[in-house]
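As a starting point, one isolated chain is supplied in structure tokens, in the form predicted on its own.
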């Protein structure tokens, strides 16, 4: 298996003789200046970015199909079977239906806020994929504050949901927007506190550095026991609550609020909301894998590791496959939770966040701090 660097070298060799007319055409694009090696580097980065973006988009299309199939299996049904082989094209058909449906907006809605909420949710979701590592030295951008950046982007969601509910000028949407904001605040705080233990051990906000430390010294889920294990459980359920998946879909409780803050959205706007929902779930699963389950590490380090397994851990293609296996195990877990558990009441749900997860997250941080003081320092 060739490494990522050798792959880049092959691509560079293939594009070394770039036609002058193509360089001239590309240089007419604003802020683009391609000359010599700069041209080769820019084209390689663009190709890799396009490939990574296409792969992420395909995953976002595949995740709903897997969710439907797993849910159907658990419920004794068949799931999508008619559109395409094994129903694989069902989501494409759903997207086409949403794009061609009538685009409606309430007459009394605030048009600016109504549209702005969609753009804020969509843009923040796309931006959150940037620093996620897929293998060693393979990420959209290697940011020194990658984890802090993702949480900063996530903080856009509560006001965007509240704005969408308020701008719809509907009581159901407004109540759903307030519920969404209250839920996200109640669970983002313990989620962020649970991550502090990881930062204490990694001594970095860089996601690549966090995975590299787990590669060298062991996955965080079993270190500082039981501190980081508690942090893992808290982060997992808080991230499920943040994505508003069943049984945590309090803002859109259809028996009470029709569809919550998204009640008045239709057509392509509703399609973007669904895409944002799955994207948010996908990012949170990747964060769980990166922060606690070794990220792209193929297997946790142990004494007496065979040479072939050590070589496999260093292979970038194996790392890429390993993180994807972990991600789809996470998708299966999220689907299993959605299928199995009933919805909470809003008062139970908020109390669980403030009165249970928040104290436990502080306790896990104290345990990790004690371990760090004794062993790390």
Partner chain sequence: MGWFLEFNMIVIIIFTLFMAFGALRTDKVMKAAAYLLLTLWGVAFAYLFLGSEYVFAIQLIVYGGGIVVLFLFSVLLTGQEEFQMDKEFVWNNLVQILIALLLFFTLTVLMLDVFGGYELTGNELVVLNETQDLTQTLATALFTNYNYVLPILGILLLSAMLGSIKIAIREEEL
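Residue numbers count along the first chain shown, from 1. Here the structure is a predicted model, which means the values were calculated and not measured.
Keep in mind that the form predicted together with its partner chain is missing from the display, and what follows is about it.
Colleague: Is it the case that residue 174, even though its partner is missing from this view, gets within 4.5 Å of its partner chain in the predicted complex, heavy atoms only?
Modeller: It does: once its partner chain is placed as it appears in the predicted complex, residue 174 has a heavy atom within 4.5 Å of it.
Colleague: For residue 185, is any heavy atom within 4.5 Å of its partner chain in the predicted complex, or not?
Modeller: Yes - in the predicted complex, heavy atoms of residue 185 and its partner chain come within 4.5 Å of each other.
Colleague: Does the 4.5 Å heavy atom contact test between residue 159 and its partner chain in the predicted complex come out positive?
Modeller: Yes, residue 159 lies within 4.5 Å of its partner chain in the predicted complex.
Colleague: Does the 4.5 Å heavy atom contact test between residue 274 and its partner chain in the predicted complex come out positive?
Modeller: No, no contact at 4.5 Å.
Colleague: May I ask you to choose, among 200, 229, 143, 72, the residue with a heavy atom within 4.5 Å of its partner chain in the predicted complex?
Modeller: Of 200, 229, 143, 72, the residue with a heavy atom within 4.5 Å of its partner chain in the predicted complex is 143.
Colleague: Which residue among 93, 116, 299, 126 has a heavy atom within 4.5 angstroms of its partner chain in the predicted complex?
Modeller: Contact with its partner chain in the predicted complex is made by 116 alone.
Colleague: Is every one of 248, 281 and 291 within 4.5 Å of its partner chain in the predicted complex, counting heavy atoms?
Modeller: No, the whole trio is out of contact, none within 4.5 Å by any heavy atom.
Colleague: Quick check for you: of 230-238, 161-169, 265-273, 78-86, which stretch puts a non-hydrogen atom within 4.5 Å of its partner chain in the predicted complex?
Modeller: Within 4.5 Å of the partner lies stretch 161-169.
Colleague: For the stretch 97-119, I need every residue with any heavy atom inside 4.5 Å of its partner chain in the predicted complex, listed N to C.
Modeller: Result: 110, 112, 116.
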